[in-house]
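Same chain, two versions here, written out as C-alpha cells and called structure 1 and structure 2.
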Structure 1
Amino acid sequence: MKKSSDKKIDRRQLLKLLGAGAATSATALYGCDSRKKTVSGGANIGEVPTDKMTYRVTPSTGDKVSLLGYGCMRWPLKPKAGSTKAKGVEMEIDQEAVNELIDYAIAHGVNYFDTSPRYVRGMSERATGIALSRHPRDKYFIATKMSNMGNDPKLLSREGSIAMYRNSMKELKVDYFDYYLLHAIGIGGMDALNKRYYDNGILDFLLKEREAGRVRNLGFSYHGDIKVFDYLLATGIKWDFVQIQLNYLDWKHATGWNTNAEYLYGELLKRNIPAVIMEPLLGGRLAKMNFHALTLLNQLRSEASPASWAFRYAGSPANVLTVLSGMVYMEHLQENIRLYSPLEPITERENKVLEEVAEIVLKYPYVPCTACQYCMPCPYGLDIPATFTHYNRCLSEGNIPSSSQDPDYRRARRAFLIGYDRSVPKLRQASHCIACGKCTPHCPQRIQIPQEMARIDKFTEQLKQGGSF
C-alpha cells in the first residue's frame, strides 16, 4: 500500500516535469520508448503501446491471436439499483466499466476474449457480448464453453446442452464462435466426461458444428484427472487448441489433482496443438509474494512487479497461443499490455530463479485457491474464496505465526484477526462451515474445502484464545 502511494507520487512528479511545457512534453513522450520507462516495483510510466503486441498464430485457422487474452471470468460489479443492505446487496455487472475495458483492450491490440455461460453468476456472456458487439466482428475472437457440469439432468440432456450452446450465441450476439471449449474436462474423471459429452452426443454435435463453420476452433479446458486429458488426445479427434493451467509453480509442482504443466505442454507440443494458458497468476497468488521470494525477484530486476514475472513466464513458451488474464482494473490491463508489447521472454537465468521462488512458495501452507468462484454460492452463506484469499495473503505478509512464541506474534495475531473480520463478514467465516462438502466437486484445484476451512478455523480459534501453541 505504502509502496504504491510512493509510486503514485513518483509518477505525479514525473508528469509535472513533463507538463512543464505542453509542446515539449508531447515530443518527450513521442520520443522515448515508454516500455522501458519503469520505476521500482514494476509501475510502468508513459504511454501504453497500441501497436507492439506480440501475436501467435493458430495453426488450424491461421488466426493471429494476441498473446494477452482477456479472461471474462471477473468483471467489475456494482450494487444493483434499489437493492438494500437489509435484503442482501444484489450485484450486477458494471457494463460501462466493461465497455471501457474492452474498448481499451481492443485499441491496444488485444483480440482474444474468453468467457463461459457460468462466469460471474451467469452474467458474463451478456456483458461481454454487449461490449464486443460495438466493434467489427473481425476485430476480435470469441471463446466460450459448454459448461454443462454440475449433475443437473436437464442441462446434461442433449436438448439442455444444445440450448446452452445456442444461448451463448444469443448472449454474445454472434452467429459463429472462433473458439469453443469443452469446459473443465477432468473434473469428475471419465465418468463426468461420458455423461457430459458422449452419452448425450454433444461431442458429435460440436464436431458437426465445426464442420459447418459455426465453431472455427474446437478445444477443451483441462483441470484434474490426467486420464481424461490423455484419453481425449488419443481419440483421434483433431483438437485445434487446448486450455491448460500453466505458471512457474504448476510447471513442476502442480497441487491436488492438477497435472504438472511441463507434462501437459509437452504432450500438446508433440501434437502441435497450441496451448491457451489459464491461471498464469494462480488467482493472484503469484502477484502477492512472501518476503523471501520477493527478495529473490527484486534482486533479479528491481523494476519488475511479481505479476510481471508470472506473465512473462506464461507467455514465453512458443507453443502458447494466448495467456488469459481476468483484468478488472484498468491499471492491470495496462500493465499486462505493456508486458506483452512485445513479450520479453524469460531467460535461462531468470528461469532458474523462478524455480527457486517456486520452491520457497511451496514451503508455505498456501491454500491453492485461485478465487475462481466455482464453489460459490455456498448454501450456508460462507464466502469460501474470500476466506482462503485472506489466509494466503496473511501467509505472504508474514501474518501467520507458526507458534505463539514467535517474536512477532502479537502484531501478526492482530493483523490476522482484524483483517479476517474486514475481508470476510463474521457470518461468512470458516467457523460456520458444516463440512457438507457440496463445494468440493466444483473446485478445479481439487481443494478439500471443508478440511481447509477447518484448518483455518482451528488456527483462528487458537489466535482468538491467545493460548500458547
Structure 2
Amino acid sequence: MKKSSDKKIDRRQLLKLLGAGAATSATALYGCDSRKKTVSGGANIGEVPTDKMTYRVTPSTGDKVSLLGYGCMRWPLKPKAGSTKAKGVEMEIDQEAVNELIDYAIAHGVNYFDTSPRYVRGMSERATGIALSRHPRDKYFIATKMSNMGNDPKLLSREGSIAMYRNSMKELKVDYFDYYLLHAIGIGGMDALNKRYYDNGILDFLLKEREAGRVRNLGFSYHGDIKVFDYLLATGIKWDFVQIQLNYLDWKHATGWNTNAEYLYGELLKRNIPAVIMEPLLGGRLAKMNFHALTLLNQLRSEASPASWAFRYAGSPANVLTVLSGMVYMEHLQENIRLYSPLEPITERENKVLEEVAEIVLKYPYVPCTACQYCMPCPYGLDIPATFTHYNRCLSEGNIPSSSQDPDYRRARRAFLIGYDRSVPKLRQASHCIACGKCTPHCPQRIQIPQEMARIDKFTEQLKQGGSF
C-alpha cells in the first residue's frame, strides 16, 4: 500500500488547488491566506493568479519554462521519529509539506524544479521525486546535477559518477532528465574539472546520454575560477543552458569567489545560451534591508518588499530562462508566483536606485554565505550556515553595535544574543570551532570559514561582557 505522501494527484485535487480550497489548505498548514497575505516588508500580495505566469523558451528543445523556478536545496524539515533532545535531534524532510508546496506551485504555473544529490544532506532528490511523480510527467521539468565533488576516488571514478547519475533517476522516479548539469564547475579550478569530467570520461558519457535522449538539455552551474567558465564555453560543445549567480549586488560587485554577473550573462548572451539564475536573494541578504537602503526603495514602491525587488531584477534580462528560489514557506511561494504572474521588468530608473542600494549594502561586513550547506555536516557538530545567517540578519536589522557607546546598544545587544541562542543551539555556535579547516574547500563563495567563525565568536564574547540586560 502506498503512503499518503506518495499518492497520485487526481483531477479533483488539482481543481481544489486551483481554487479557493488551496487557500484553505495553505492556511491550515502555514497560517496564511493566499488571497490576502502580508509578507516581508509589509507588502500585501493580493490574489495569487493561476494562469498569468511568465514563461521563457529554451532554444534547443522549445520547452516553455516558468520564469519562477523551484530550487529544492532547502526543503522543510521536521524532527525524525524517535529523535530526542537528549540524544540529539535528527531532522528529516517533511514530505507532506513538500507535497503541498509542489502541488501549489504546479497549480499556479511553476514547472521547473532544480535539485541535486547533495541537497538537504542527500535527501532532496527523493523527496522531490515523491512529490513530482504524483503529477503527469509532462507537467514539470526536472533539473539535477552530477555532484561528484570532493576528493573521494570512488566518487570521481567513471563507475562512481555513473552510479550517481543512475541513482538520481531512481530517486526522482524518471527515465530521462529534462535538464542536467555539471555541478559547480570552477571550484578547484581546471584540475578539479579534469578529475571530475575529463579524466574519467564522464563528460563524453553525458554527451552520449544527450544523444540518446535521456538528457534533454545539458549545461553546467558555475562558481569560482573564471578560467573554467571561459574554457567550457570555448570547447565547441553545444551547451543548452548555464546556471549562474545573478542579483543586483553581484552584477558589478561579485561576492565571495564569484565573477561579476554582468560578464557571465554577457558571455552567455553572445552565444545565445539561456541563463538559469541562482541566488537572486544572495542567501537572504537582499531580503532584509537597513534603514537607508529601504528608504530608497520605499520612495519608488512603498508597498514592495525588499525580496520583490531582487526577484524582479533577476527575472528582467531577456536571456534569463528561469530564476530559482528555495521556497520553504507557502507565503514565500505565493509572493514569488505573484511577482512573476506576470513579471513587471525593472525600469531604468529603478535600476539606478538598485545600484545605489548595492553600494550601501557593500559597506557592511556581511559574511557572503548563501546557506548552500556544502560546508555541512561539520565534523564537530557546528551549524555554520545558521551562525552566518544570524550574523547577517542582525547586520541588516541594525543589531550589530560597534561599541557600548552606541545609543541603541542595549536593544541591539539583547536582540543579537537572544536571537543567537534561539536560532543556533549553544553547542553548535562559533565558540566551538577548532579551525580544522575541513569546511573551507567546499565553500563555493570561498569564505574563509574558520576566520569568520572566530570573528563572530569574538564579537559575541564582547557583547556578553558588556553588562547585564
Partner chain sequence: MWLRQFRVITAGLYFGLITLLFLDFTGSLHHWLGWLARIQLLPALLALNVGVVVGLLTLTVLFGRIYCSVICPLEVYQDVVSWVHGKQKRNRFSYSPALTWLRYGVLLLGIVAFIGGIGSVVALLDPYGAYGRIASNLMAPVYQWGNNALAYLAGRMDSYAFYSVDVWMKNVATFVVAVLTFGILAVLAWRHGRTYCNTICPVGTVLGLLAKIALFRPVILPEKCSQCGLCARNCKASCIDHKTHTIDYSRCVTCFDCVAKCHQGALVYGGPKLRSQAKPLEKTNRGPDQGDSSRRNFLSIATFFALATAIKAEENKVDGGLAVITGKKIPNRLTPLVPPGSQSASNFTLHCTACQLCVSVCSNQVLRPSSSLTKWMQPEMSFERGYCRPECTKCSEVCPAGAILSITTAEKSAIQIGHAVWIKENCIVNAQDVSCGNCARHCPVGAIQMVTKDASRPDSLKIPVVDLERCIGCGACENLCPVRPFSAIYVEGHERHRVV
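Just so we're on the same page, residue numbers count up from 1 along structure 1's sequence. Keep in mind that this is a model prediction, so the values were computed, not measured. We call the rigid core whatever largest set of C-alpha positions still superposes within 1.5 Å between the two forms.
A.B. asks: Given the two isolated forms of this chain, which one is the form predicted on its own?
C.D. replies: Answer is structure 2, the other one does not fit.
A.B. asks: Tell me, please, whether between structure 1 and structure 2 the C-alpha of Y55 is shifted by 2 Å or more, with the rigid core used for superposition.
C.D. replies: Y55 C-alpha, core-superposed: shift of less than 2 Å.
A.B. asks: When the two forms are laid on each other by their rigid core, does K64 show a Cα shift of 2 Å or more between structure 1 and structure 2?
C.D. replies: No; that C-alpha moves by less than 2 Å between structure 1 and structure 2.
A.B. asks: Using a superposition on the rigid core, decide whether the Cα position of K438 changes by 2 angstroms or more between structure 1 and structure 2.
C.D. replies: Stays below the 2 Å threshold, so no.
A.B. asks: May I ask for the C-alpha shift of S404 between structure 1 and structure 2, in Å, based on superposition of the rigid core?
C.D. replies: The shift comes out to 3.0 Å.
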